[in-house]
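The form predicted alone is given below as one chain in structure tokens.
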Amino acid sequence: MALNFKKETFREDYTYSNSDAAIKRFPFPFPEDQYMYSVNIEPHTKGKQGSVCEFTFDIDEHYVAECIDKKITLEQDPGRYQALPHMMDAQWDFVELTMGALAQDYPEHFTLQKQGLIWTWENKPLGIKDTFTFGDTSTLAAEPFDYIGRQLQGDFVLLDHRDETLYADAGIVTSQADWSLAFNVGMSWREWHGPVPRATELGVMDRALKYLLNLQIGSPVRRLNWTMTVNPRLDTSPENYPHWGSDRNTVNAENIGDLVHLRVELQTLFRLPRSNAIVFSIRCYLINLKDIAIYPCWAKRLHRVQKTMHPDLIEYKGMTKFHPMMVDWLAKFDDGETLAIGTQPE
């Protein structure tokens, strides 16, 4: 399947937009009229044709533009890539997983040829073609995780499994929702998720950790996470808060449909065969309220979810300044119709 890659930006002039096809396949995260944390993990099996879960890693119309934005962020702040020395086996595991999946699922755009340990990788959309020796870092221009991580949409964290927990010991993170890799690298699972409100009280993170410690090779899993953001900006990191934090003050009743975006993360986790580490993939999708309202059931459900949102979550997800305005804007689409459980658009 050949993809048409858009020329667009995720900062400054914000020319990002979704085509009709991208709106229809958007991973809307609310199957019911209310929201509270749940582990909501399911097997990462092949989804239906055209969905964001059809392939191992989703490549879409925003691919080239997102990779350019990732490059800009890494040039401005090289610390968005971190890898502790003991994670090198996991880095090569990651290369094998991602290159193999992309070449298999998108043969028009990516090819991988192997002659023993001599591999030739071609990324046609980004104009990259390199031959290297698998396992020999000196044959690549960068560390292997850095090299291929720049050629994928979304963020990636490599979790080391030791002491009956998981440690975030490597990452390439440029589109995070207000958390810092530089701060989190080396942290355990509970330390990393400590700021999430009510997570400890509800036991959600403990259940998720127990599940992931038993994750098997060849049986990846996935879940959706979400927040709201102003402007289609990928890099909403604490380090760059001065560049985006004040955007929340620009929202008003006239522009809210254009400026406020639902930001959904498709999170997938894979156990790696050599290192026994886990890849935590965090793929970000953005859609503004106007595009959500194209499908009435989405607008109705989002209104009900936001109307009943716990105050702690409103604050944690950074929605305090525009949340009442958003609920009011969505209210005009909600006629009280009973909605079936599920997330598919009409």
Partner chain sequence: MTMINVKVAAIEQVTPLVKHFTFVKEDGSSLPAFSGGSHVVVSIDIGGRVHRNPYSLMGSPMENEAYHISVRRQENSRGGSVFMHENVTVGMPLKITYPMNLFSLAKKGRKHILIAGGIGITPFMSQIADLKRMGANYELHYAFRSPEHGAFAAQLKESCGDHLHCYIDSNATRLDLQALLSDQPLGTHVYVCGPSAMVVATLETARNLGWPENHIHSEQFLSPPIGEPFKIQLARSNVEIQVSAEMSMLEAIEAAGVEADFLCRGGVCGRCELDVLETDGALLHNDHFLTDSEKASCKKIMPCVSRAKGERLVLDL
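Owing to the predicted nature of the structure, the values given are computational and were not obtained by experimental measurement. Residue numbers count along the first chain shown, from 1.
We do not show the form predicted in complex with its partner chain, though everything after this point is about it.
Given that the partner is absent here, does residue 78 sit within 4.5 Å of its partner chain in the predicted complex, heavy atoms only?
Judged by the heavy-atom cut-off of 4.5 Å, residue 78 is well away from its partner chain in the predicted complex.
Would residue 71 sit within 4.5 Å of its partner chain in the predicted complex, counting heavy atoms only?
No, residue 71 is distant from the partner.
Does its partner chain get within 4.5 angstroms of any non-hydrogen atom of residue 217 in the predicted complex?
Output for residue 217 is yes: heavy atoms within 4.5 Å of its partner chain.
So in the predicted complex, is its partner chain close enough to residue 108 to count as touching (4.5 Å, heavy atoms)?
No.
In the predicted complex, which of 86-94, 224-232, 122-130, 251-259 comes within 4.5 Å of its partner chain (heavy atoms)?
That would be 86-94.
Can you work out which of 188, 240, 276, 137 has a heavy atom no more than 4.5 Å from its partner chain in the predicted complex?
Here the answer is residue option 276.
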